[in-house]
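In the form predicted alone, a lone chain appears below as structure tokens.
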Amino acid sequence: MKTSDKNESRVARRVIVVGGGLAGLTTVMKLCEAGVPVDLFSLVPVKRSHSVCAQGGINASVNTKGEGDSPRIHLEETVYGGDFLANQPPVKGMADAAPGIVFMLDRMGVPFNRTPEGLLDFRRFGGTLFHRTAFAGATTGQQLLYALDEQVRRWETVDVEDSKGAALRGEKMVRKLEHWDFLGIVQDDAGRCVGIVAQDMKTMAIEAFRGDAVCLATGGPGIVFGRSTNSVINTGTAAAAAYRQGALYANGELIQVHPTAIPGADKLRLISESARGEGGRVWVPKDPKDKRKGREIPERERDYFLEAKYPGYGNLVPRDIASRELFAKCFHDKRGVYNPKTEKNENEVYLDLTRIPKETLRKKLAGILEIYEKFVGEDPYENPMRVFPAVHYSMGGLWVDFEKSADGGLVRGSPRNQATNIDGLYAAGEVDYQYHGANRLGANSLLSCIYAGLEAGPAIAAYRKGLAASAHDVPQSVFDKAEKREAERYQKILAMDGDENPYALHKELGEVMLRDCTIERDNAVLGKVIETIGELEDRAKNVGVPDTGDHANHGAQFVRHLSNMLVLARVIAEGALARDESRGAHYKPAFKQRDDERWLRTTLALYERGEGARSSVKFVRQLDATIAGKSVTITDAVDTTLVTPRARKYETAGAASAAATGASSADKQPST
């Protein structure tokens, strides 16, 4: 009898999803539709998951404006924008599914903006000439998250049934456990993932949970860089914990810096690409010593440098290109906005929306403009906004598998889709590396999170159905051992009484990573970054825990997260040092060209324990693993069978415009 039928014990045999954002909620929804009970763990209330912060929209080639857009062009532009480092079958699956995803969300009640005719409205985003981005004002992430949360809440009221259709008393399809911190996975004697260990952040109790499979949907590692556009919960700790237990980490060095954000003492607040998609223009004064306010500088004295260099795409070039141009304008050319008080050019450029009617801005961008006015104290309807690039997104993450279909996409329901190299462990959302290559196009993130969940749910259901034995049949001693391991680690943290301040160490880590491992990278400097990470790892063993209480102890929790952030920082820095080329968001002035001969491959990292307190990274070209019960050889090769790699240029218009005319992939070149 298969695992999915084994509920005769009157105990629901569940799977576990960690993370309550878009990827996690979609995974839960699909599992429930397949009749699989789920335990959903979230570090924060689900409605506060980082997906709520997304602003601009979600991509889908619906072509309501008659521009000739199509899922094929969406595929082309996504792999082109990612500098051909993304495996193309998953991207094809995502692009093909995108229109249906947006229509599904519309039926769920997401209040998308609409045209006067009542059709879904679409705006432009970077890296495309098409209006492809559906949006709900400037709070799209919040609207999508709330809609999916309502879908999952429905399953919290539905009884689990046994194989004969009888309800299991007291067992609901979804059990939601909020304010729980993921500590690690539980593995049986064969190395199969059979559950997790987590900590209740209210009572600080540590407990092991059984699960026939586990899916991590825990977001990115932006807080490794100190301040970023990410929520402060985005430390990457869950991915780091899985990595330390043997999960492959792929393309860790590929970190996206968003061109436009505003500074803050706690974080850098995003000004969405939608501002440029609606007509916002980036500029600096032609006179670098111009003391006038932005609104006082006449048009003829403004330098619209993105429009001048990239006339086809203008202000909507991909984020990696825009960020480098803003960085160069401020750091190398010293042309940032002049501050009469400090008598120097600040690291700021203008993002100007003032020529757009206020009614249009309020309808489409009110959410982000309120943020700017609140934290800067200036009216963006009347004054050009002052912005600068900020760490925003990780293209890298846990390595996940896929099964390719005959048409070049994915085999729906294959247990290999979204599976890590640890049997029974899956990953979906920003925590995985699958969909964006070396650079993410704007508005593909919400899409990739939801699409990954749509794939992960059926994949896990198929994996579970094929199991010979349930995790619920694994001896209790396995879970007791894992629980004891994490409890002892936590007690060691509580006993730490050294002289180092963990928050000060994190500040040092963030400063060095932000300064030396983001927009421009130099091998000699990266070597020093890695030395600094090692020193911080040594010092982290001598911290004094800020709190030893037994209730809501976030100080002790931060010490644990700091250890994991240091581990991920090493993966990022050493991957950046090794990749001697420039590709997407990874830019080395000493190696300005993309090198397909040597580096058209995935960086695959395995954790190793280094000397003393330090971690070590082992980069591999291939690895044997068991995935869904079958032996698989993982390699660093990138599947480029659908779109032939070619030079990536945005100076002219139409990176994939040839696709609209039906040209073969080998012939597709940017054209005007």
Partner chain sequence: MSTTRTVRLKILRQDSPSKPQTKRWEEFEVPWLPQMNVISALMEIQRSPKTTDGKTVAPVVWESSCLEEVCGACTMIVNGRVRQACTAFVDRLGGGETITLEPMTKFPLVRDLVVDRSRMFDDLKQVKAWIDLDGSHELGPGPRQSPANQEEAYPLSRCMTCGCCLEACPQVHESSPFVGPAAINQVRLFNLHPSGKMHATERLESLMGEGGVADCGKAQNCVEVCPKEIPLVDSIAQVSRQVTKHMLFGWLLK
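Everything quoted here is computed from the prediction, not taken from an experiment. Numbering follows the first chain given and starts at 1.
What comes next is about the form predicted in complex with the partner chain, which does not appear here.
Asks: Though the partner chain is not shown, can you say which of D480, E117, D407, D497 has a heavy atom within 4.5 Å of it in the predicted complex?
Replies: Looking at D480, E117, D407, D497 one by one, just E117 meets the 4.5 Å heavy-atom criterion.
Asks: Can you pick out, from Y381, F331, Y304, Y146, the residue that has a heavy atom within 4.5 Å of the partner chain in the predicted complex?
Replies: When the partner chain is considered in the predicted complex, the option within 4.5 Å is Y146.
Asks: Heavy atoms, 4.5 Å, the partner chain in the predicted complex: which of 572-580, 317-325, 551-559, 343-351 makes the cut? Say which one.
Replies: Flagged stretch: 551-559.
Asks: Counting only non-hydrogen atoms and a 4.5 angstroms cut-off, does K65 reach the partner chain in the predicted complex?
Replies: Outside the cut-off, so no.
Asks: Hey, in the predicted complex, is Q245 touching the partner chain, heavy atoms inside 4.5 Å?
Replies: Taking the distances in the predicted complex, the answer for Q245 is no, it never comes within 4.5 Å of the partner chain.
Asks: Can H179 be called a contact residue for the partner chain in the predicted complex at 4.5 Å between heavy atoms?
Replies: Within the cut-off, so yes.
Asks: Please check if K267 has a heavy atom lying within 4.5 Å of any heavy atom of the partner chain in the predicted complex.
Replies: Answer yes; at least one heavy atom of K267 falls within 4.5 Å of the partner chain in the predicted complex.
Asks: Looking in the predicted complex, is the partner chain within 4.5 Å of a heavy atom from each of Q55, K363 and Y503?
Replies: All of them do, each having a heavy atom within 4.5 Å of the partner.
Asks: Given a 4.5 Å distance limit between heavy atoms, list every residue of 149-163 close to the partner chain in the predicted complex, or none if there are none.
Replies: Heavy-atom contacts to the partner chain in the predicted complex: E150, Q151, R153, R154, E156, T157.
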